[in-house]
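Shown below, as structure tokens, is a lone chain in the form predicted on its own; questions about how it binds or moves come after it.
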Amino acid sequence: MKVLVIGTGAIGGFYGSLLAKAGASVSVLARSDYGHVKANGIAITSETKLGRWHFTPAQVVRSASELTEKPDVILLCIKVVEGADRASLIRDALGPESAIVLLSNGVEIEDDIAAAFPEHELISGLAFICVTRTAPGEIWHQAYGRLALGNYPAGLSERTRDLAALFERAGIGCSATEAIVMARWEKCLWNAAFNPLSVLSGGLSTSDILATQEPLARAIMEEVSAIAAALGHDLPPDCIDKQIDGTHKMPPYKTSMLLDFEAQRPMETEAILGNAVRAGQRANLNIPHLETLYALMKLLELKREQDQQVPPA
């Protein structure tokens, strides 16, 4: 299988390297760290049984037009943030039979890609993982790593099953599900609570948030669960308890949204919170915690934007 990974951050570098471990020919489209990755590849350090390994991509390109071969699978691993033109990153990479895999956070993030490329198979994917890019070409895997893959809007193809099997061969759990939209809402339970709370608290880790504000985290998660149910995606009754218990057990973790905020990068506010809030409002649900979190995050983004426009003294 020929794979192109778009984005060499924590997610793209980690999962792309696993596919290469399993025998796929994996090329990468790198942006800010192109020079480093082309010269040195990507080093992954895992605190799990996976250990440490090095990934040398088959090809490193700045744009998809530089590829020597069209991939069977395009693994899009960029964050869904305002201003990101995902379709333009994909377009030049597509061959007649190329499938597109979206490995990103958020809910209701598939429709624009499905509309842009209606002739291509679209696979939606979720990563349940604690992983961080610590420097150009350096990835630190702290815990977890399970994936869920499924065709959008529903169903399972042989290619999706084959891709899941490749990840399993590399030592990471990967479930192929016919209900990927429901799985996306299940992941949103965690993201909608811990990502914004970590930013709005001034930088607290997940363990600090749970130690002091577990009832708030649960209330946020219950609202997300209610939205999912209203849309026809009933989540397992114990999913909130399982996610809270799992977060208690994992090491203190800085969320991806907090890392983006500290680095003054765009945050996934719309994909994780805004889309959930709008879905809840369409369903006429009472979701005060989510609406308040979303409003506070938008105010925080406005303040940062204003600060960046002020010339230095």
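It should be emphasised that the depicted structure is a prediction, and the values quoted were computed from it without experimental measurement. Think of the rigid core as the biggest set of C-alphas that the two forms share within 1.5 Å after superposition. Numbers for residues come from their place in the sequence shown, where the first is 1.
Keep in mind the form predicted together with another copy of the chain is missing from the figure; the text below concerns it.
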Considering another copy of the chain in the model of the complex, find the one stretch among 154-162, 234-242, 97-105, 205-213 with heavy atoms no farther than 4.5 Å from it. 205-213
Would L293 show up as a contact with another copy of the chain in the model of the complex if we use heavy atoms at 4.5 Å? yes
Any chance Q308 has a heavy atom within 4.5 Å of another copy of the chain in the model of the complex? no
Taking heavy atoms only, is S88 within 4.5 angstroms of another copy of the chain in the model of the complex? no
Even though another copy of the chain is not shown here, does T134 get within 4.5 Å of it in the model of the complex, heavy atoms only? no
Could you check whether the CA atom of G35 moves 2 Å or more between the shown form and the other one, using the rigid core for the fit? no
